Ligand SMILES: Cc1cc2nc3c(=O)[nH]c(=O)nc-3n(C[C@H](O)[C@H](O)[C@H](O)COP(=O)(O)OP(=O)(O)OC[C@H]3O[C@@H](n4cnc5c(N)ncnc54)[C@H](O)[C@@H]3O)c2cc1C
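Here's a solo chain for you in structure tokens, the form predicted alone.
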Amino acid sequence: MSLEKLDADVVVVGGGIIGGTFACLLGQAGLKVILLDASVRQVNSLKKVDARVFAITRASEQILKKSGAWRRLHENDIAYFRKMHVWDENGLGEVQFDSASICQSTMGYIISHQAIVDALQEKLLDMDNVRCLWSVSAAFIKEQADAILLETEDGLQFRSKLVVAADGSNSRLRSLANIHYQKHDYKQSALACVVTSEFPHVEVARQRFLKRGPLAFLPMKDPHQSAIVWSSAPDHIQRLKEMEQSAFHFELAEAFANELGEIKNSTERLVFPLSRAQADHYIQSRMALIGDSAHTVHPLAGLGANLGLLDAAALAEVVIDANQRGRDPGRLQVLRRYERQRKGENQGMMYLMDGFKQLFENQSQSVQWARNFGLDMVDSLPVAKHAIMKRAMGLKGNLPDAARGHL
């Protein structure tokens, strides 16, 4: 089938951070893209403070720069964290990381979900070869001889060489493709909000491992504001959500060992369930999954969005390369390169996060001693610390080309 008979080279379902980034990367390379999103497009001026924030790695920074969206972020949207402090409630062990020790100006950035989405949408709407449709849901897909047909719930039809699912952990497109999604319920929930503390955060990201789950304070642009993510048993999280504000502030400060003093103020508390999941397949003929449509991880290391951005960059690299070589990007043989690159990496990270979770929630005295000794040991070994930092920041590892601008 000739390109002229297709509505697009690629149809992307899901206009969040991962789908938006993928569409931008393809658009920058000159491919014709249609982006569909089930939600209503929001207007910037109507948004509240966004408690949902991401710790963006240096690798993700490069991907967002390659997409053209990074320069659309406003200066006040980007907070830096130059150091990280991790310690255990049950013991004196701790480890501290400092970007200056590996000659880097920052370890990463704290940016709200909505700020990144806004920047991506601004870029997408400026691209003549990308068409964006909101309030549109996929209802039907059918593979044809040399294309795939996608029909929406309101009867729109689009034919392309490839359809990409970036519509989240409850992916409608993944369900339509009958791809199994193996899910493990952590029996935990996370509470997120933005708090104002008595003492400034001095651009340090902090995480304390408590008996029932980790509590993280992520530094915002305001020196006294931090985004918190508190993971714990669902009944505990629900009790925290329903607390009167002053009682919540007291319990939060106490759980964090008053590291930043009293909590003076806080925004609306959001709660979401935690699980790990992995799709049996990231690809099938003329379809690929990226981001939460393909996998989810525990938020204790803040890796979810970063893994999704690596998916987007890796798949974009495969699709762009195929297009430039005159190959069909929807063919299974082409898409296997993406699955080989990302599925094993993501699965390894999922199990690593599971290991950390189980290690820090184990209340055995011998395990408590061992993990505190381990924290202190890592803290005393610069070579080990530097290796961990470089891998976590995306300065090392099996990375797509779009993530390597800093190397």
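Bear in mind the structure is a predicted one, so any value in this text is a computation, not a measurement. For every residue, the number given is its place in the sequence shown, counted from 1.
What follows is about the form predicted in complex with the ligand, which we do not show.
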property	result
Segment assignment from 52-60, 24-32, 344-352, 65-73: heavy atom within 4.5 Å of the ligand in the model of the complex	52-60
Whether 14, 136 and 291 all lie within 4.5 angstroms of the ligand in the model of the complex by heavy atom	yes
Among the candidates 84, 274, 320, 210, the residue which, in the model of the complex, approaches the ligand to within 4.5 Å (heavy atoms)	274
Exercise: residue 229 in contact with the ligand in the model of the complex, heavy atom 4.5 Å	yes
Residue contact check: residue 304 to the ligand in the model of the complex, 4.5 Å heavy atom	yes
Residue contact check: residue 336 to the ligand in the model of the complex, 4.5 Å heavy atom	no
Contact test in the model of the complex: residue 190 vs the ligand, heavy atoms, 4.5 Å	yes
Residues of 142-166 having any heavy atom within 4.5 Å of the ligand in the model of the complex, listed in sequence order	166
